[in-house]
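Heads up, the chain below is alone and in the form predicted on its own; it's given as structure tokens.
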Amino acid sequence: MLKVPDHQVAGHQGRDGKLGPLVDDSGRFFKPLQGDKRGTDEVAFYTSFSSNTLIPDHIKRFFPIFYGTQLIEASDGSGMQPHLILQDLSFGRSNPSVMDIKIGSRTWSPQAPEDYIQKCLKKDRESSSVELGFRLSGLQIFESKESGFWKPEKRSMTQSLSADEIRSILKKFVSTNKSGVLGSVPDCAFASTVYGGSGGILSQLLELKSWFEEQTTYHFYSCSILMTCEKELALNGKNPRADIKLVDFAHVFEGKGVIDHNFLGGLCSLIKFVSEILSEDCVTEPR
């Protein structure tokens, strides 16, 4: 049975008669193809990437598994529509904290039409994209079974958050105290277990960075890093299953032998933020 995802934090959502993604009970995510060239471009990327034997397996694990395309009943009731079939990144997770981070100081490609470039350029300038090389597109942070999730409005995410505000949110992602206001002081109780360690977020980001320092096959525009962890597991002294995945590939173009400096620059900026949080004198045990 198909249903609207419970833990989608960005993008179009299939609620209230709108077109958006659906999930099933077997771990698959059905993303409607955009009606214009973006839909076919995203299918082309997944097809190319999944069959590219030059991509190392340790890099492919940072991308959702691609199962092809299928006609299914759209969430908006418009009938049978083509959908990408992908790995459901929240499947099997209990109350995941999720952050969608759009990477790159420029989210438009040189091949885009002028009106689209101007639309993206306006958003890039008004958000932190131009200044920091990335911006927060959406998030939810699990606090407790009693209070549930902190999930700020999408509009507040697209506004120009300062570097300090973004740093505070990245700290809240690994904290035990409530996240109700941007001005609250996070305790960073799980920074070492979520961001640190050989399998933590920072290690994964650095592994991805090493590939982007060499790969010249693809240029990724308006692509996001989806950061996920389960703080309930950390509260019980277990591995929080911290993980990153790249998502949204409607604007991927041939690299033509040139390094993707736009994505690499944003990735390095995010790494700097996470590294600084780890180096601070944060609480290492839940209060």
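Heads up: residue numbers just count along the shown sequence, starting at 1. The model shown is predicted, which means the values in this text are computed figures rather than measured ones.
As for the form predicted together with another copy of the chain, it is not shown, yet the points below apply to it.
A.B. asks: Partner absent here, but in the model of the complex, which of 210-218, 81-89, 138-146, 192-200 has residues with a heavy atom within 4.5 Å of another copy of the chain?
C.D. replies: That would be stretch 210-218.
A.B. asks: Non-hydrogen atoms within 4.5 angstroms of another copy of the chain in the model of the complex: do Lys37, Tyr67 and His251 all have one?
C.D. replies: No, the candidate spot makes no contact with another copy of the chain.
A.B. asks: Residue-level question: is Asn95 within 4.5 Å of another copy of the chain in the model of the complex, judged on heavy atoms?
C.D. replies: Asn95: no contact with another copy of the chain in the model of the complex.
A.B. asks: Would you check, heavy atoms only and a 4.5 Å threshold, whether Gly20 touches another copy of the chain in the model of the complex?
C.D. replies: No - in the model of the complex, heavy atoms of Gly20 and another copy of the chain never come within 4.5 Å of each other.
A.B. asks: Could you confirm whether Glu153 comes within 4.5 Å of another copy of the chain in the model of the complex, counting heavy atoms only?
C.D. replies: Contact with another copy of the chain, no.
A.B. asks: Whether Leu54 contacts another copy of the chain in the model of the complex should be assessed with a 4.5 Å heavy atom distance threshold; does it?
C.D. replies: Residue-level check for Leu54: no, no contact with another copy of the chain.
A.B. asks: Could you work out which of Ala74, Leu132, Ile169, Leu161 is the residue within 4.5 angstroms of another copy of the chain in the model of the complex, going by heavy atoms?
C.D. replies: Of Ala74, Leu132, Ile169, Leu161, the residue with a heavy atom within 4.5 Å of another copy of the chain in the model of the complex is Leu132.
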